[in-house]
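Take a look at this single chain in structure tokens; it is the form predicted on its own.
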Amino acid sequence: MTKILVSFLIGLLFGTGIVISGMANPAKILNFFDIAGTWDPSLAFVMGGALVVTAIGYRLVLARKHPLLAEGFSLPTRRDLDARLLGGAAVFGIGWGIAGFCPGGGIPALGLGRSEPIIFFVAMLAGMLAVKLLETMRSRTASAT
């Protein structure tokens, strides 16, 4: 129960930061990508601030023997770039550029009472389901041969 409560509070803090910084507003994100028009550099400052906090946090946390609420760290071990990673990053970036939402800004925006975040969220879930179905079909085909 403690892990769930702490996770909820961390998510609430993150979402509040996203909303306060204006990153739940898709127009602000789209203006960041509009370099030749109404460019808004504020997203770069939010990302820069996040990188500084993350760098400090990782150094402090990874200096510990284990996390406070887990027996060990769950860090990625792969360092290679494959087609799946690059394709996923491309789809993510294209979707972010079209919709003005990424999951970090779209999910907190659900609480703002607008229809755009709901459409984004449903589309995101549909995309996740489609990938899961494709992976299942591919693994079944591979195991059948």
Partner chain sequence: MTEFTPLTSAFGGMLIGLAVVLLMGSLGRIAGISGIVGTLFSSAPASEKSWRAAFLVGMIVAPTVLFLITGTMPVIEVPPTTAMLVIGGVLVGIGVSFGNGCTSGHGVCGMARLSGRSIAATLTFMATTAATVYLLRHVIGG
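Positions refer to the first chain, counted from 1. As the structure is a computational prediction, the values presented were derived from the model and not from experiment.
Below, we turn to the form predicted together with its partner chain, even though it does not appear here.
**Request:** Spell out, yes or no, whether the shortest heavy atom distance between residue 65 and its partner chain in the predicted bound form is within 4.5 Å.
**Result:** No, residue 65 sits far enough from its partner chain in the predicted bound form that none of its heavy atoms falls within 4.5 Å.
**4.5 Å heavy atom contact, residue 139 and its partner chain in the predicted bound form** = Contact check for residue 139: no, nothing within 4.5 Å of its partner chain in the predicted bound form.
**Message:** Even though the partner isn't displayed, in the predicted bound form is residue 4 close enough to its partner chain, meaning a heavy atom within 4.5 Å?
**Reply:** Close contact exists here: in the predicted bound form, residue 4 approaches its partner chain to within 4.5 Å, heavy atoms only.
**Asked** So, in the predicted bound form, is residue 134 in contact with its partner chain at a 4.5 angstroms heavy atom limit?
**Response** Although its partner chain is absent here, residue 134 would touch it in the predicted bound form, with heavy atoms inside 4.5 Å.
**Request:** Scan 39 to 56 and write down, in order along the chain, each residue with a heavy atom lying within 4.5 Å of its partner chain in the predicted bound form.
**Result:** Those in contact are 40, 41, 42, 45, 46, 47, 49, 50, 51, 53, 54, 55.
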